[in-house]
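Listed next as structure tokens is one chain, alone, in the form predicted on its own.
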Amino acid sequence: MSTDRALPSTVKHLIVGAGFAGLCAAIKLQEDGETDFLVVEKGSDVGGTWRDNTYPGAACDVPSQLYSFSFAPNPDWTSSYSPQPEIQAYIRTVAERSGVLDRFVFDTAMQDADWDEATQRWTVRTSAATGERHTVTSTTLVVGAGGLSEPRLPDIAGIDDFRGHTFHSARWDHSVDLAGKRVAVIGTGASAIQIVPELQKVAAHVDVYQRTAPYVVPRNDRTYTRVERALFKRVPALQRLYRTGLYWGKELLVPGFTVDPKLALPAKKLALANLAKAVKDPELRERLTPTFEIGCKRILISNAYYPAIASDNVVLVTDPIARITADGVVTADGVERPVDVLVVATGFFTTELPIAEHIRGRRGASLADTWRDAGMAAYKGTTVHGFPNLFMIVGPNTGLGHSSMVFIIESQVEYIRDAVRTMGLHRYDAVEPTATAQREWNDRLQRRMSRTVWNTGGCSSWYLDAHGKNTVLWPRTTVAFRQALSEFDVAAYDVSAPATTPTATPTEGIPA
């Protein structure tokens, strides 16, 4: 997808990213009559994560009916868990039908964004794939870059010396023929457990390097019948009812994460039964058995992963990797295993968002500098003290361990819409959460977080930053999140005008 248009020098709203978040923001702003916006996207199409992750077996682990916009239901999902091509096609279809694509510019990355105190605007520099650079000023800056956009490569000695093919799961090289090859997969997370079964089918041999064993529950996937799809299309209320049932079923899982891990015992038993059924070798089964509480790390879903690991051409390696040579991988026990292709499935930069290095606020410090000493923090996961008129979608502590991030995105976009309405109604040039409001919000959030399985479950996960703080997940129900962001609470903000403004009041949404 491409748009051949000149970038304007000034817009009211600049949106970064054309995944679920950026697209939702564009559609909803347009609904409010806020048509003076521009979306810049570094990729060549909409889709974000679902455009980039094209590895074999890529699919969503949230039910299709939940992993879609509430305002754009899709009656044509072919199965209860959608494969990547269907999700990408859905996002593209929604974008085309919404009438916003004329204000999207692709193959154009945001290089830097600086708040100009004198003009009360953002100055944003972009760089196109063609090498062309452009500067745009905007009243608001809406960042929808996402937390799963920048692949994290492992820091392993010798990886640059490897002579075979190397690629991250999110940057899959489809030109590499894997048939008959010896393949090494580093990682056993959500992407890896989808990749390994596909590699097992075609590769001569697959080594899977596991640091910690995940919990894997069965994937209760099924194909929708033609009758079901026809009913969803002709009776939209039926599809909404189906979605509502799935939603509340997911919400029932929250207490097992946030109140008492014992409440998640049925899920733990289900995962261990899934393992016992698929892996008969007791020694292998023991190495695949997690040693932490379920939910401490992301719970994975698959019917194919354990059978693939137990197959004759796959070896699970649990010894740490010492180094990588030109032709293989050496583990701490001194064994070198020959490799033709190295697949890196080691996740993303989730607690140190790369885009934060490029956004500078009121005092000239970047978001990354602001967060360096104490970790990521925002007010309601959306706005940041010291960064006026900056709105983040999927910001700090907005991630989920149980349900659909599309629900979170829609909740944040509603908050942003109300902020924009408030600014227009009162003619505010700028809004910025007070230091007190942001501190109280995050103090309450982290107190709540300290009791969750993510902090007490005995694991090391990508939810935790270098300070041991969980700055990724939301520690309550999605109902509570939506309620907390149901309206723009201007009393918690410093505003540039008028002279008399509401005084800040204690924040709500996260009880102590």
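Just so you know, these numbers come straight off a predicted model, no measurement behind them. So that there is no doubt, residue numbering starts at 1 and follows the sequence shown.
Keep in mind that the form predicted together with a small molecule is missing from the display, and what follows is about it.
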Counting non-hydrogen atoms within 4.5 angstroms of the small molecule in the predicted complex, say which of 37, 462, 69, 481 makes the cut. 462
From 212, 79, 135, 93: within 4.5 Å of the small molecule in the predicted complex by heavy atoms is 212
Under a 4.5 Å heavy atom criterion, is residue 216 part of the interface with the small molecule in the predicted complex? no
Counting only non-hydrogen atoms and a 4.5 angstroms cut-off, does residue 60 reach the small molecule in the predicted complex? yes
So in the predicted complex, does any heavy atom of residue 154 sit within 4.5 Å of the small molecule? yes
Since only the chain is shown here, I'm wondering whether residue 194 would be in contact with the small molecule in the predicted complex (any heavy atom pair within 4.5 Å). yes
What stretch, of 360-368, 269-277, 290-298, 423-431, brings heavy atoms to within 4.5 Å of the small molecule in the predicted complex? 290-298
